[in-house]
Ligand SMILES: C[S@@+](CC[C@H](N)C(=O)[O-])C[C@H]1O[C@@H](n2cnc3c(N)ncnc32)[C@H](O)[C@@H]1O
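Read the single chain below, which is given as structure tokens and is the form predicted alone.
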Amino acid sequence: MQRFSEAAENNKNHILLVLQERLPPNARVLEIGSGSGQHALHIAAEMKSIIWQPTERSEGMPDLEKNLSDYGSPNILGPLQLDLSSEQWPDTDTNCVYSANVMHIINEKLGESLVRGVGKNLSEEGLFILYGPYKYSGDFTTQSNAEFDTWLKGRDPNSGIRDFEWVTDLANQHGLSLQADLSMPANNQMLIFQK
């Protein structure tokens, strides 16, 4: 598999259990930042009635396309290019937008673009599911998350673990209300919003 992610491998079953509980049976999921496609491959194989639309930036498309071609299931659509620095989103009919481990990798401006795009493109009463680490009242939930944040900023000073309050306020501004904040393994959270 191209660009194999150990983190994605470790968390895919925990994420699957939440999605099985929360998604409608015929959900149409738009994934932002599919990376290697490991979540798409695992979740779509286990939830055969959903339709999964992966997306990635142009530089990540060849690896994603190869992985989906080699290991994909019929309910995974061909990946589409999506760059959060552009306001152009794929024209898809979606009642769930899913994004894992993206918000802390991108800068705040792109984070705002992500949430704004969800607000514009998600169907009414659709779900926005964000997976990853967050700070609460400016504090890290664990020392390991603080160290991870330092590591992230060493790679890109504009990245870093975001404040839960910043994300939820941003979501509210774009018509998305928090439905659940679920603790997940490895000091991550699953934030579930509804339009």
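Please read these numbers as outputs of a predicted model, since none were measured by experiment. Just count from 1 along the sequence shown to find any residue number.
What comes next is about the form predicted in complex with this ligand, which is not displayed.
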| item | value |
| --- | --- |
| Exercise: Ala8 in contact with this ligand in the predicted bound form, heavy atom 4.5 Å | yes |
| This ligand contact in the predicted bound form: Thr94, any heavy atom under 4.5 Å | no |
| Proximity of Glu108 to this ligand in the predicted bound form, heavy atoms at 4.5 Å | no |
| Interface membership of Gly33, this ligand in the predicted bound form, 4.5 Å heavy atom rule | yes |
| Candidate stretches 42-50, 122-130, 163-171, 55-63 - the one whose heavy atoms come within 4.5 Å of this ligand in the predicted bound form | 55-63 |
| Stretch 62-92: residues contacting this ligand in the predicted bound form, 4.5 Å heavy atom cut-off | Leu82, Asp83, Leu84, Ser85 |
